[in-house]
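Given as structure tokens, the chain that follows is alone and in the form predicted on its own.
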């Protein structure tokens, strides 16, 4: 492994997911294998990491600022963070060596903004986060996802679905980079309101997020500084679940987030979203 990368590895025997006995070496191997699918989504985006160097059963931490002592070949971008209220030296991951280096840092989750570093106010995705509040289930989120897809289809918009890796679903509409976050957020919110009128399980206002047995269509992530977990990133769960892109035809109410893990995802078809970056769309109805 050392002969194929610039990265100097450490603590490869450290168990990161105790329930499955997944070591850091296995975790790094996963990201090496998934690099061709992950790098197009990571490219030119300032990253927010969730690091668990002692394993997911121990205390972890969020990381925006690049760590001291990082290799000089790791690309960064110094940008103002509204939440931190200061300039932050964000990591940019445009190559497999950087992705392997992030894995060696035990960056279990990699989160990306919906815009790239060259035009931070111009998102290239409209993002629907379907979040079921118990006793609502993943199956309820699937039901609402298909209702949303139907509305997007009626607008002539191609949509792409992935598991969140936790309890819900993420639906993306790739858009041309001519809209502001205010415009994409308004678009997502408006469709959430339409779904709420159509199905009593749906809530579309932030104040209703925690209403039991409802599916929140979260539009708030369509904002400057907000992020989405990167496709194929692992999540901090005991089952080592993965936020996994899937074909609409493969989405079923009987599926569970735990069906998509560090072990199973490697066996899935590799390109369910193969044309997503060539399919930039306008939000105007056709």
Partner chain sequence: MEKKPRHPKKQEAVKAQKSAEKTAENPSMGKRAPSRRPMWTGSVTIGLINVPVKLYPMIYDRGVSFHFLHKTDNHPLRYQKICTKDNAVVPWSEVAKGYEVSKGQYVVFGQEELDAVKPESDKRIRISKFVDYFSVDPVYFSSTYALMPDKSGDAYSLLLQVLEKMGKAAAGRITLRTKEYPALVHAYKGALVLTTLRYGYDVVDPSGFEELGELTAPEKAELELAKKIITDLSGEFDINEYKDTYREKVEALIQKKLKGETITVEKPPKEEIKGLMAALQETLKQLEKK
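Numbering follows the first chain given and starts at 1. Just so it is clear, the model here is predicted, and its values are computed rather than measured.
Keep in mind that the form predicted together with its partner chain is missing from the display, and what follows is about it.
Contact with its partner chain in the model of the complex, defined as a heavy atom within 4.5 Å, is made by none of 134, 147 and 150. Between 242-250, 227-235, 48-56, 22-30, the stretch whose residues reach within 4.5 angstroms of its partner chain in the model of the complex through a non-hydrogen atom is 22-30. Remark: residue 66 does not count among the residues lining its partner chain in the model of the complex, judged by a heavy atom distance of 4.5 Å or less. Contact annotation: residue 278 falls outside 4.5 Å of its partner chain in the model of the complex, judged by heavy atom distances. Among heavy atoms of residue 92, none comes within 4.5 Å of its partner chain in the model of the complex. None of the heavy atoms of residue 142 is located within 4.5 Å of its partner chain in the model of the complex.
Taking 157, 74, 88, 96 one by one, only a single residue has any non-hydrogen atom within 4.5 Å of its partner chain in the model of the complex, and it is 96.
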